[in-house]
Structures are given as C-alpha cells and as structure tokens.
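Okay, here we've got a single chain as structure tokens, the form predicted alone, with questions on binding and movement later.
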C-alpha cells in the first residue's frame, strides 16, 4: 500500500485538474489518494478513470492556534455535510475578502485587475499563491519567492492578515462530517519543539486524531520526532506529498519518505473509519457519478 493523503487540484492552489492528479498518482503507483484542497471539498466525485486507485474525499482547513496559522486535513469527510459546508463557505468568503483587500492595495500601487483575474479561474478557494502568480505574470515581481518576500509576507506591501477559524472549529466540523482530523506538516510551522509539543497536546485534546509525520523534504530527525510524539499522544500517523504542481521538482504525488515498519503499525490505515470506508470509497464515488 502507498497512501498519499494530502494533494491539491486547481479548485484551490493546485495547478492541475483532478484527472491529472489521479493519472500522476497511478503512474507513481499510489494505491490510496486523498484530495485535500484548501477549504474546498468539491473535487470528488467527477467522471474520471481511476483504474483501481482508491479515492478519498478530503479537505485541508486553514485555522488558527494562538498566533499560529495551522492546516488541518480532514479525511473521509462527507462533502454534503451542512456543518462542514457552512464552515468552508465562510472560509471561502474570508479568502475572497482578503484578496479584495489585496486588490485595493495593489491598485493603489498602480496595478489593476487582480480580483477579476482570480475570480475567472477555476479555483473556489483563492489563495496568496494565486496572487503571487498574478504579480509575476504582470511583471510586478520576477518570481513567486520575491512576490511573497516583498509583497505578501507580514512586512510586505500587500500584506493582509488572515482571518481563519479556530482550530477546534475545524476539528469539530471534520468530525461532524464523519472524517478524521490530521495535523498537516507539523514540522513546517515556525515554532520550536516545546511549542510544537504543546500544539499536538492541544490538537489531541480538541479531538484531533492524526499527525502527518512524512511529507517531502522532512528532515529525518523531525520525522522521528513526529512519530514519537504521535505515538505518545495516541495519534495515528499520516503521510502526504502536499502536491500542487508537476513543475515543482522537489515534490510529486506519492513522493515522501516511507514510514518504517514500527511506525506503520500506527498508520492511519488502522483507524476504524479507514477500515470502514477505504475499500469501498471509490465504488461509492462511482455510484454518485
């Protein structure tokens, strides 16, 4: 089994269609694929040819813990659940408002058309990555890295603070939708291990059930630390590529360090919800097409 439980399509800030991501997964011998777009759960179902690949409805919710922005992945969520959709609709509205405020700032600097351009895209959830691409395309910045550094980060010319939901709200909405909450890429948050340890404790206390312990470019010592931390807190271990773009050579669908045999015993594929749904998820998707 090779489970990639964190991937994006063009419904959020991914560059590709669902069909492209699925074909990429099949080419890379992935057996279980979760589509986890930012604050969007509409990627599945669509008429695609998965040929044995198990597809999992997912979402990645942006949220706040103290002063930190977190991402919580929901796996096996029911995309028709009203509580989840109410939260995601609010998140999408926050995203559009943020982009509108950035558009106002950018217009004052002499570049127009950001909001109209982004609203014409297939994306349901607008992100700063979309803004960065617009800045590059309109010769405001030479590349994405420069766009974030000089315009979109906290000290940038176009900075607008995010107004995300509280992490407990994200966990509860995922649970209400029948899903499993997973703390995404914990080692990427700008916090020391002491703070990270406390975050994991708070996440578990709020009902979070999984920790993403393997993802691209994770340092071996962080990988082992997250495995130990998850096992100590009784959390399941998850894996994911956080795939966005085939042109980003540092990542690809299904490309991340494999969990060792001991860690795999704590894999999220041992969760009762996984055992209930994973083997029938693709069939249920086919029936809804």
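For clarity, every value in this text was computed on a predicted model and none was experimentally measured. Numbering follows the first chain given and starts at 1.
If you look for the form predicted in complex with ligand AMP, you will not find it shown, but the lines that follow are about it.
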query: In the predicted bound form, residue 139 touching ligand AMP (heavy atom, 4.5 Å); finding: no
query: 4.5 angstroms heavy atom contact with ligand AMP in the predicted bound form for residue 148; finding: yes
query: Contact test in the predicted bound form: residue 98 vs ligand AMP, heavy atoms, 4.5 Å; finding: yes
query: Close approach of residue 62 to ligand AMP in the predicted bound form, 4.5 Å, heavy atom; finding: yes
query: Stretch in contact in the predicted bound form with ligand AMP, which is absent here, among 86 to 94, 123 to 131, 213 to 221, 173 to 181 (heavy atoms within 4.5 Å); finding: 123 to 131
query: In the predicted bound form, residues of 1 to 35 near ligand AMP [heavy atom within 4.5 Å]; finding: 13
